[in-house]
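The chain that follows stands alone, in the form predicted on its own, written as structure tokens.
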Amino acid sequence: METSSVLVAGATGLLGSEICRLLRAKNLSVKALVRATADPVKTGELVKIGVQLVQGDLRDKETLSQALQGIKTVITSVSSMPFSYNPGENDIQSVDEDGMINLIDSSKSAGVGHFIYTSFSKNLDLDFPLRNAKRKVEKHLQNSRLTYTILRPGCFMELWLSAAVGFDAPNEKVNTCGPGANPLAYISYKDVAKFAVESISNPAAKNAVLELGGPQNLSQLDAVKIFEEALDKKIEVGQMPIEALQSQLDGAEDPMQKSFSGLMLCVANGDRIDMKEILSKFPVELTSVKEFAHSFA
């Protein structure tokens, strides 16, 4: 393969770093697009596995044309959410929307052959800033005439089954979004990374939108039972009422808060994804919530 054929944007994040690891495991040549302010510990880990760092900023198109020289495939998992949000500097408008559109346009100008974009499930579909940015970018990519793959994963189990969103199973306390009865296709970020890497060479990914979920559709309450069994603990369950989430969404002035409330409402509504057809074309073994729960035991 040609030198520097794959550029990963978002490479210091959870999903992006796993994508880099899998690409290097296949001995592919990888560049990581990083800002000058990137965490040196995270960039150091990338360098250790043989990833070449290239400086660039999605908010500055001039830095992108240099970074994209010689690149055949772009994989992006960039998002200003959930943990690195900084209004005016690293936010939904400048990164998830304008920054992504800059990267698509620059990729087209640089002659990139394939653009793989991480969005999220079509069922996460209420009116909030992150959803609106992602859908706008999807359309822009589809209209760009670049060969594209749009990955639409459901809820990452590493986030949505964690204390960060009130699901603190190891400490025996869970607050569900709404009653917690609607099924969700919890997926591991590690499996999303596998689909991203597989999309480079799999013809079924060409100009395709891939809805990605885990091996089962489980409600939040189903997940609680699975954790109770795995941890051999009784978990106290409360709930964030739908009305409270709706009122947070309606009242939030900050785009990140609005997006978090919108996502929690979407989780309450459920996100069922059938993986049968996709798994017939992509040889990916999916991680179950049970396996994830046992990692805490």
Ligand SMILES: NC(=O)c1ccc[n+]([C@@H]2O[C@H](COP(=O)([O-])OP(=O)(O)OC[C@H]3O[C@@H](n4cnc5c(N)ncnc54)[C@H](OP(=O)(O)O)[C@@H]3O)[C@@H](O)[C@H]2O)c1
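Residue numbers here begin at 1 and follow the sequence given. Everything numeric in this text was worked out from a predicted model, so none of it was measured.
As for the form predicted together with this ligand, it is not shown, yet the points below apply to it.
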query	finding
Every residue of Gly180, Gln216 and Arg272 near this ligand in the model of the complex, heavy atom within 4.5 Å	no
is_contact(Pro129, this ligand) in the model of the complex, heavy atom dist at most 4.5 Å	no
Residue contact check: Glu45 to this ligand in the model of the complex, 4.5 Å heavy atom	no
Phe195 within 4.5 Å of this ligand in the model of the complex, heavy atoms	no
Interface membership of Val78, this ligand in the model of the complex, 4.5 Å heavy atom rule	yes
Stretch from 112-120, 67-75, 223-231, 200-208 whose residues place a heavy atom within 4.5 Å of this ligand in the model of the complex	112-120
In the model of the complex, the one of Ala38, Leu265, Leu53, Met256 near this ligand [non-hydrogen atom within 4.5 angstroms]	Ala38
The unique member of Val174, Cys155, Ile104, Ile92 whose heavy atoms fall within 4.5 Å of this ligand in the model of the complex	Cys155
Contacts with this ligand in the model of the complex, stretch 159-176 (heavy atom within 4.5 Å)	Leu159, Trp160
